[in-house]
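In structure tokens, one chain follows: the form predicted on its own.
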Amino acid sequence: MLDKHIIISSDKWLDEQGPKMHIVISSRSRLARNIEGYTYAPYAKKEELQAIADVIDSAINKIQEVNQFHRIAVPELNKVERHYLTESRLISKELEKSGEHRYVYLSEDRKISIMVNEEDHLRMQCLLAGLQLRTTFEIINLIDDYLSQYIDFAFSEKYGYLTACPTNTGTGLRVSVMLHLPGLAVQDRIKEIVEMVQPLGLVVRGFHGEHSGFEGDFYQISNEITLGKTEEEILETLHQVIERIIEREEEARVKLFEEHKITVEDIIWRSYALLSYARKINSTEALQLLSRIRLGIDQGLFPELTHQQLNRLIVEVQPAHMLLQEGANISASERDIIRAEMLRMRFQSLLSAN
């Protein structure tokens, strides 16, 4: 039987400092790889999927740096447990759908996850706080080097690494950054950001990634194409774009507080009041309210509250996190009541500290 603490475990990256944390929530690098001679996972038969998983498991067990990872059979998890891992950004929505012989390996600190038999045979990713694109790539590239000693990856001299989806062919590298952009959002300038990044082969997505809407002024920016570009070119392009967006967001915040200080502070403190006293809050409203509090942290309005604490709250108010922490199959309405109670306790303790 799977030990539940392996599923419900602290994502330690949330507690760490990172560059540009006032705007950048996290950085992530992900590599896609397939094993030479095997059918791509979406088209492979059950026996072949098991053989692929066995090859990968054998390689991982030979490498000291990764053989202590927790191995989780995704089909053994219930729907809430799978969604919990997706909310924590440890597995993809594709892997969440499950199916036989799908696995994920998690590092103890939850910074690294290795997905097996998702769209590709292997999807390896590293997630860190703040703007640390190069560090995330260096970490996951090292894992790739370890595994390549024991696994013959599908590779073409002409095209690079071969993947199930052509958009990942080449380096197989997808890098993304989660940003908090309330200043630009208030000024209705997100369209400006979308138009800026598209010609560079980048895309803007919502808080929950692909096909998700924009919530709480949180946005993910990532590369769409890996073919014809080196890892360095992909990293440098995204890093430069993120630096430009950070500059624009900082300018937007300064202007916002110079021209509308009382109005903005009123919105922030009203959000604080709701979080401190509301009796029912759904996850979408919680995300919006916490986004406003996060803006208040940067203005020194909440000296006892750190970006790390706020980032953790943003994750913990998500539906599956609430369900697993409660350990019960509660209704959506009951979940909203429990979420409000949890937030009241957190924010009233801040009020008493003041």
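Small disclaimer: the values here were computed from a predicted structure and weren't measured. Heads up: residue numbers just count along the shown sequence, starting at 1.
This protein has a second form, the form predicted together with a further copy of the same chain, left out of what is shown; the following refers to that one.
With the partner removed from view, the residue among V204, I281, L256, I112 that has a non-hydrogen atom within 4.5 Å of a further copy of the same chain in the predicted bound form turns out to be I281. With the partner omitted from this view, the residue of A273, L142, M196, A73 that lies near a further copy of the same chain in the predicted bound form is A273 [heavy atom within 4.5 Å]. Partner contact region in the predicted bound form: 256-264, out of 162-170, 256-264, 130-138, 78-86, criterion any non-hydrogen atom within 4.5 Å of a further copy of the same chain. Interface residue remark: I330 is not counted as part of the site for a further copy of the same chain in the predicted bound form, having no heavy atom within 4.5 Å. Under a 4.5 angstroms non-hydrogen atom cutoff, a further copy of the same chain in the predicted bound form lacks M342 among its neighbouring residues. Contact check for E316: no non-hydrogen atom falls within 4.5 Å of a further copy of the same chain in the predicted bound form. Among residues of the shown chain, Y146 is not one whose heavy atoms approach a further copy of the same chain to within 4.5 Å in the predicted bound form. Of all the residues from 16-50, none has a non-hydrogen atom no more than 4.5 Å from a further copy of the same chain in the predicted bound form.
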